[in-house]
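The chain below stands alone and is given in structure tokens; this is the form predicted on its own.
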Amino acid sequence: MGSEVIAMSSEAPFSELLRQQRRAAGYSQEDLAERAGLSVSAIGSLEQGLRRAPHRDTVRFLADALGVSESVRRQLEEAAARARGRQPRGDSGLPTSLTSFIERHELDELKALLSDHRLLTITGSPGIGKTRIAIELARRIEDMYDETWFVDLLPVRDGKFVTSQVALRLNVPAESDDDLSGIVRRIQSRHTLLVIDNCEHVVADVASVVEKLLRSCSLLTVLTTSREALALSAELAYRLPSMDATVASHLFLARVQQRDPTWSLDMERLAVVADICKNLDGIPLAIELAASRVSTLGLEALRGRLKGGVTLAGSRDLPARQQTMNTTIAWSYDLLSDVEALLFRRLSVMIGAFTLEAAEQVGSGESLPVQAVADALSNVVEKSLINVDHIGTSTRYRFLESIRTFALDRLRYEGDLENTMLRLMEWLDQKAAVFDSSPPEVIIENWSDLDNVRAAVSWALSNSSYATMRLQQTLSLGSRALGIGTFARPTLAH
């Protein structure tokens, strides 16, 4: 049902206009919330003036839901614009980006999720772009809040200083030793967006502070980035995926053209760029590091060197931990417990996807009993160093290749490669023996294990005689059960 404005000052605040139009339309706050796709609490905050400067999209949703005339719609838009223009805002200090943001569809998903949750944590693998997308998200929605604050915890090395770092960033006066109470007083009556970046190394302390702030400040929304979720009941954890092929290619092109504006893509170059981005798992940081070398190495040389495992350095103004992919991954690796790090290294011999059963057989051994593998694997997944895929009722795990390469290098360095490869071959023997009498559909379900057979073949041929003996058993059983003889022969010839 439509509605019209009853005599009201042209300077009336948005809260009064909205309340009047809702009542004129005969809607309750619940009715309007449902029609506009907003929460009831959001409608209440707007009508009470707690949210005085609604976003343009919010105004449009409300006007559409109310079915108002164009003149009323303009009044609502102008009232919201006045509030946005007059609302005193804190100096959020959102970092200024020196490079263009490449659009990702995940940004719209995150925007929608943040409107319904007071605590949203963006997690993901090293270099996946968590900080960049969080900053862009905050920038695009900051006019929905009275104030927006950005807190970087990277400089904090001891969790007991998390509260003081937040207080310092929010300009909370050092009136007492209780920084948390000062933060609460500072933001309690204002609709606030608090962005906390780089939480993974002090995650338990961040969780404690955030929980207390959310309980004390009903108008607070918190957006965090971390390689590990905070594990709070109010939290929605969003795992940021790798870039898709199209977005990754756009990023690569944009960064190359920063160095050489005359550089352009044709079909031949596009195919090479797509291959490079695929080899880099669609990881934004890895793509940017690679793109920075095109002007000096060229595409083909770059592709060849990346496949050879060359580590590329980044720009001088990147944080130290992002100067190379190795240092970025090492930041997360150093946060693992000894047991988690041991499993992480050992599982690097697995090519492609693998099961929990495989992880238990290959990862267990000295210093890591089989019964401890499941918990350790869960923790490594939670810390974004191994990905998990749920397909139907089955679950399989996999590394991004840059992370697997890092883990494999550490496995070699620790002198544990041979023992781990022998455990892999023993597990392949066991599987082959089982599959020797299995129906075809079971064999097909496990076809991805051929990658591990290839890896075992390649390693065994260049190593110990014992490994070669075990290889013969694997091939003998495997060729009958999995039909892998044809696949293994090219590797043997190599």
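Under this definition, the rigid core comprises the largest set of C-alpha atoms superposing within 1.5 Å between the forms. Note that the structure is predicted; figures quoted are calculated from it, not measured. The numbering used is simple: start at 1 and walk along the sequence shown.
Same protein, other form: the form predicted together with a small molecule, not shown, and the subject of what follows.
None of 404, 139, 293, 255 but one reaches within 4.5 angstroms of the small molecule in the model of the complex through a heavy atom, and that residue is 255. Put simply, of 75, 379, 115, 387 only one has a heavy atom within 4.5 Å of the small molecule in the model of the complex, and it is 387. From the list 178-186, 280-288, 213-221, 346-354, the contact stretch for the small molecule in the model of the complex under a 4.5 Å heavy atom rule is 280-288.
In the model of the complex, at least one heavy atom of residue 101 sits within 4.5 Å of a heavy atom of the small molecule.
Interface residue remark: residue 166 is not counted as part of the site for the small molecule in the model of the complex, having no heavy atom within 4.5 Å.
Looking at residue 383, you'd find every heavy atom of it more than 4.5 angstroms from the small molecule in the model of the complex. Taking the partner from the other structure, the small molecule in the model of the complex has a heavy atom within 4.5 Å of a heavy atom of residue 243. Core-superposed comparison between this form and the one not shown: the Cα of residue 213 travels less than 2 Å.
Residue 399 shows a C-alpha shift of 2 Å or greater between this form and the one not shown [criterion: core-superposed Cα displacement of 2 Å].
With the core held fixed between this form and the one not shown, residue 253 has its Cα displaced by under 2 Å. CA of residue 289 to CA of residue 329: closer by 3 Å or more in the model of the complex than in the shown form.
Pairwise change in the model of the complex: residue 384 and residue 107 C-alpha atoms lie farther apart than in the shown form, at least 3 Å.
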